[in-house]
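As structure tokens, one chain now follows by itself in the form predicted alone.
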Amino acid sequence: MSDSTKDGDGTRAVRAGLPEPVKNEPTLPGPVFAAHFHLPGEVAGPYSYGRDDNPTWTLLERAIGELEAPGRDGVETLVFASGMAAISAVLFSQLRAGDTVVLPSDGYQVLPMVRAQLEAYGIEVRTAPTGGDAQLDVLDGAKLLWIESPSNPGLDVCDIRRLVEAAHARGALVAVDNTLATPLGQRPLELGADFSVASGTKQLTGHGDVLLGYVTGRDAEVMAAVRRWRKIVGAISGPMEAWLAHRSIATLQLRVDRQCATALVLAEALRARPEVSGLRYPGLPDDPSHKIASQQMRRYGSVVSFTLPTRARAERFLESLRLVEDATSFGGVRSTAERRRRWGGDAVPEGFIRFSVGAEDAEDLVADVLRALDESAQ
């Protein structure tokens, strides 16, 4: 049998998690809808109750594991109902009253709510920005370091390997939110992290029709705690969502390559516009994060961020777009954008735009954005 670890990303994505072929059966079996399974006599076998495991999850978890950590033995993946369910499972399964956790101060906008809940449980929370590896300064005594790289929505990047080595030297576990990068953009476990966590709602599934999250880890004991938390809380993926996610992974490399290429073209076009400030895209050679991003990322993602002079200008720009939906997600095949301050949770200017590049023709999308910038100036 050939060594699948030598396969390219596209080949791996197309075949990830598929069972051995069975004559007259579909290549990817359909979703298994079951709350319980036939279980006579002693409890044995992999499936007993729908909150614990499901054959459709198993195939998806195998697929994600093959992308996050190809060829690595002992790696386990668990899927969840959403990205936040996955994030919560890691944090609340690993931390106890009196522990200390380090979070990014510029991360996903729900993290402040998470911080408040952690503190309510007697857990000390320290924060520092992603850029400049600033979390290094607050690591002493921490039980867990949470990294978000690239950060959402500011797109700062930190040196994951450096932070991991420093955290492990202090006895801390490290989790990396890999949502923006995807497993095709970077592999946190290969950089030394203990967990790779992501919202599968975004580019992993890519069609804006599935809520999903996952945790991939390489230590059986800590992953057992994550699994136990999933069982207690019941934050499980539905079988239909899991099946749709697995189906979508087959096109992941095609979508990611198309979207990353267009994101770079768009970023280059925006760089020439005088009304655009604070432009960030790790793939730009002059981006502040490009040097370290190029050392640990294989693809730079589909999100570009920038700032327009005022809130009103940003709103007019969004209203003028023809090919871009005003929506709060990212990573989908249809481009989306939003004025991020409308949610109130991000420390960004009023005119800050988070732009998620879809799979449209680059020429059409860039033309639409430039036209909208022109129209919004009037």
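Just so you know, these numbers come straight off a predicted model, no measurement behind them. Residue numbers here begin at 1 and follow the sequence given.
Same protein, other form: the form predicted together with a small molecule, not shown, and the subject of what follows.
Under a 4.5 angstroms non-hydrogen atom cutoff, the small molecule in the model of the complex lacks Trp229 among its neighbouring residues. Using a 4.5 angstroms threshold between heavy atoms, Val90 stays clear of the small molecule in the model of the complex. Using a 4.5 Å cutoff between non-hydrogen atoms, Asp194 does not count as a contact of the small molecule in the model of the complex.
In the model of the complex, Trp57 stays away from the small molecule, with no heavy atom inside 4.5 Å.
Of the residues given (Thr179, Thr130, Ser289, Thr216), Thr179 alone sits with a heavy atom within 4.5 Å of the small molecule in the model of the complex.
Of the candidates Thr205, Ser199, Gln135, Ser237, Ser199 is the one whose heavy atoms come within 4.5 Å of the small molecule in the model of the complex; the others do not. Figure note: of the listed segments 82-90, 157-165, 116-124, 250-258, the one touching the small molecule in the model of the complex, with heavy atoms no more than 4.5 Å away, is 82-90.
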